[in-house]
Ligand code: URA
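The form predicted on its own is given below as one chain in structure tokens.
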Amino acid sequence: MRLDKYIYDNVIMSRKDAKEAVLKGFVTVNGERSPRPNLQITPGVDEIAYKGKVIKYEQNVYFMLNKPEGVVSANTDAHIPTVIGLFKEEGRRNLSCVGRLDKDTTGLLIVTDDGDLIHRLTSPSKHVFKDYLVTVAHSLSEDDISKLENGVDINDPSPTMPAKVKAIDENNYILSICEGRFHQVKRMMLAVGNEVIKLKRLSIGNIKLDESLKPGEYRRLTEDELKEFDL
């Protein structure tokens, strides 16, 4: 890999500024300054530092976020704060959300730059279930639950895939689904004549939200959590 590309990939700056940083001597390779932006280095073997700070090489990064209300699951938005904006200090490019949560939905959101993992966790064919704590306007009847568990018509080309429903109390339920259609949970509840008052994602597969994380806080996934994704 070219030295300036390594700097560009791992430090928030433009390609031009990464090249200039090398030319100006701000970058060292194994403790030595190199004025050559095109110097070939081996990530994970050569020690690269920028202004004296070693830049640790990580091919991909994986974060667990307790998504707060009021931010959208997008990289950029002209008017509303974004999830990716919460990760500016990480200095990583190409971060994306694993699936989307609505602006007013809270809870577990995984953020990574691993495109393969994003596909594996969001593809309906992979049958990765996500658990949501759903607060509804009024209680679900046995018939409502049966409909949800067998798939409902939400005005898409096909009904939803079978879900799992567990009652917590009259107005709170754990809903498990393996799809991620637009506003899916809200539309499913509308299909049985109900309304979502509050929605929080609790888990993705076997990864559960770390309840010690306050809304807006995040941490890296642990080694055991990564093993759940075969990483």
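One-based numbering along the sequence shown. Owing to the predicted nature of the structure, the values given are computational and were not obtained by experimental measurement.
This next part talks about the form predicted in complex with uracil (URA), which is not shown.
Only one segment in the set 120 to 128, 80 to 88, 102 to 110, 140 to 148 has any non-hydrogen atom within 4.5 angstroms of uracil (URA) in the model of the complex, and it is 102 to 110. For the candidate set H183, R36, R33, K198, a heavy atom within 4.5 Å of uracil (URA) in the model of the complex is found for exactly one residue, namely H183. Contact annotation for 120 to 134: a single residue, Y132, has a non-hydrogen atom within 4.5 angstroms of uracil (URA) in the model of the complex.
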